[in-house]
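Starting off, we have a lone chain in the form predicted on its own, written out as structure tokens.
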């Protein structure tokens, strides 16, 4: 059952991080063009990630004993909010920091933690996610990629699809079947760590409408995995991946993917001598929605701080957030097009074109809208 999202406030000690992060970003993003910043958390820059890590801002919530910052999820909320608002290229370390590291901290063996977490915190090790597969759509429980016991280790065969930044990642945490058949659904699923440099791994980038290739399909042809490849308990992969998705769906990135574009449009609007009422009303509408969604995301963060796993609440924020993210480029294009006589900065148009092209993916990544609404309906007792 879905719980009430009680209002939450960022503690002063965590809020104080904001000024330091802003100063860092002013220095490091000074020459980054608007259309590059509009890529938000899909922008990939390993050197920038390592610069963040040098400040202790990768793995911020992981324990100090594993190289992390030992800070609360509220501190990470402040950090991520500032990074996304500035359009920082955080894609290199993003998945490892957001979910792979916390997943390993919760379910991994001590050896897995000692090996992977310090490398994640130094931005030396990047992770991708192996969940989606061909012919499965959003039916994650029907995965067919299989890990069979092979001596002391495992032999992995199958395929994953829509894998973000796979060619530039070092490891994948994949949801695979270790027993039974796809008809068994959630039973018999496990999570495994895959070294993407291992023999038998083939990665093929997928070019998208924006000309980027951050998605890939990944093939496993009898890939040999060690006995320590399993994350957590064999057969408990479904419960683990469900908890992992709460990390993926709950953060500010599910609200702010179009924020750089929105801010650039506001700058354009401020430069107009007499902005029309429809543009002013649109700005107010988007800002009010952002304020409510931010409050909801903070409430989910408070649940994480309390040690809860707000799976349904995170799905609600993600569904509403991506709806707004997709609305922004469409609405901005409409109001700009309504005044063809006004001069528009070409960089704003390039940013608008990019966000318009990628916006359909916002309601696909991290769970489709239909799946999320089914989860929300169950949480409300409606099905």
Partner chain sequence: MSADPFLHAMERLLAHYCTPSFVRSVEGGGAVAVLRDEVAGSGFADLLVPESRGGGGLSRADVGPVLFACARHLLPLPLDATMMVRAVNASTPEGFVAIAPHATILEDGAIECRGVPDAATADWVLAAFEQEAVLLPVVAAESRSPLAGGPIVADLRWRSLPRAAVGVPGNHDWFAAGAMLMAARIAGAMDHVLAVTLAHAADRRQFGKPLAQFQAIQQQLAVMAEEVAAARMAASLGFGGEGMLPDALQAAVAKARTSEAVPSVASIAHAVHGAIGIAAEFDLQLFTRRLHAWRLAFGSEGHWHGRIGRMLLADGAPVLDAVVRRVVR
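Here the structure is a predicted model, which means the values were calculated and not measured. Residue numbers count along the first chain shown, from 1.
Below, we turn to the form predicted together with its partner chain, even though it does not appear here.
This chain is displayed without its partner chain, yet in the model of the complex the stretch 274-282 from 125-133, 274-282, 223-231, 185-193 comes within 4.5 Å of it by heavy atoms. Proximity of residue 140 to its partner chain in the model of the complex: non-hydrogen atoms within 4.5 Å are absent; the residue sits far from the partner.
By the criterion of a heavy atom within 4.5 Å, residue 270 is counted among the residues contacting its partner chain in the model of the complex.
Though the partner is left out of this view, residue 94 does not reach within 4.5 Å of its partner chain in the model of the complex, counting heavy atoms only. By the criterion of a heavy atom within 4.5 Å, residue 304 is excluded from the residues contacting its partner chain in the model of the complex. This chain is drawn without its partner chain; in the model of the complex, the residue among 197, 291, 207, 111 with a heavy atom within 4.5 Å of it is 291. Checked against its partner chain in the model of the complex, the candidates 266, 243, 203, 213 yield a single residue with a heavy atom inside 4.5 Å, and that residue is 266. Each of 4, 85 and 287 comes within 4.5 Å of its partner chain in the model of the complex, counting any heavy atom. Contact annotation for 360-383: residues with any non-hydrogen atom within 4.5 angstroms of its partner chain in the model of the complex are 370, 373, 374, 376, 377, 380, 382, 383, listed in sequence order.
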